[in-house]
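One chain is shown next in structure tokens, namely the form predicted on its own.
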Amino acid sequence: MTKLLDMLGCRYPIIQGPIGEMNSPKLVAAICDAGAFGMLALGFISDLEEVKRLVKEARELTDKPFGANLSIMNPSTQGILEILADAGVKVVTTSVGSPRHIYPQIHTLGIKGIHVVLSLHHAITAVDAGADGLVISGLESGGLRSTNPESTTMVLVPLVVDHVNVPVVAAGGIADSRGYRAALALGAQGVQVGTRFIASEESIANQQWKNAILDCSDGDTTLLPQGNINARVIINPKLKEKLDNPNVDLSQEYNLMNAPQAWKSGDFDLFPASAGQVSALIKEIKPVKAIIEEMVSEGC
């Protein structure tokens, strides 16, 4: 058993990439029951009663271990950690902020923390700050990205593995057994998967969101500027029109605050659908169990 599996307590080293607008205890439970590690997306929730509800529902739906993702910059994070500890949650992932001040509390509560990073520099500083593991998110990942030059998963994962002594989890470009095995060959002890679980039967994502992933081809995602961050999204006709117009300032055309409404309703003219480049490999909606079983299979 690897250090990562020992930490997670599940059968397979596959962590659900938490997505706030797909925050479903039922999906978390389905992933856990299939042998992987489900995650609640608590990073941007401020209502502690809502956190208690989500954790309680997940606990009622599965007897397997699950975790949660926390945003370090969320003022409610300390209260959320206490709720998680009381519920017996043993592992969290952390992101969006320096881990230096929050990790002492994480460890005091008897929890392990895996910090999400996008570069070698931040990987090293996170380990120095006390992170028990790292999620290494390559350029092709979906979700929020930095505005700095970034490396792909193929480059970044082995680079980080060569410089740290904690378990590394690869994220970005992983949707099937090929990506899973490639990540392990690069030195990762596991993977984090987001986009593939959006396009699952148990996912509560709007059907138009799932269809956008199924219809996505090579080169059909882009980084959308949102102030001091970028968001990787699927290019739709309205966005394509703006991309082709040299007079359009994309940073002024879309507001990330509209993303929750857009993704829930399927109105991607309001804000485009979020997904990773790996969408191009996803052509079928499958049950979570089938996705995970194929991912860990030995066949090609």
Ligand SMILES: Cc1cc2nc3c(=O)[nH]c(=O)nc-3n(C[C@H](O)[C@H](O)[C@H](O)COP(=O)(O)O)c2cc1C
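Each form is matched to the other, and the largest set of C-alpha atoms that superpose within 1.5 Å is called the rigid core. Residue numbers run from 1 along the displayed sequence. What you see is a predicted model; the values in this text were computed from it and never measured.
There is another form of this protein, the form predicted in complex with the named molecule, and it is not shown here; the text below is about that form.
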- request: Could you tell me which stretch in 28-36, 269-277, 59-67, 239-247 has residues with non-hydrogen atoms within 4.5 Å of the named molecule in the model of the complex?
  value: 269-277
- prompt: So in the model of the complex, does residue 80 come within 4.5 Å of the named molecule, heavy atom to heavy atom?
  reply: no
query: Does residue 180 make contact with the named molecule in the model of the complex, using a 4.5 Å heavy atom cut-off?
result: no
- prompt: Wondering, does residue 95 line up within 4.5 Å of the named molecule in the model of the complex on heavy atoms?
  reply: yes
message: Quick check on residue 157: any heavy atom within 4.5 Å of the named molecule in the model of the complex?
response: no
task: Could you spot which one of 113, 99, 167, 194 gets a heavy atom to within 4.5 Å of the named molecule in the model of the complex?
output: 194
Any residue of 131-152 that, in the model of the complex, places a heavy atom within 4.5 Å of the named molecule: 140, 141, 142, 143
message: Quick check: residue 280 between this form and the one not shown - does its CA shift reach 2 Å or more after fitting the rigid core?
response: no
- request: Inspect the rigid-core superposition and answer whether the C-alpha of residue 20 shifts by 2 angstroms or more between this form and the one not shown.
  value: yes
Relative Cα spacing, residue 211 and residue 21, in the model of the complex - shift of 3 Å or more: farther
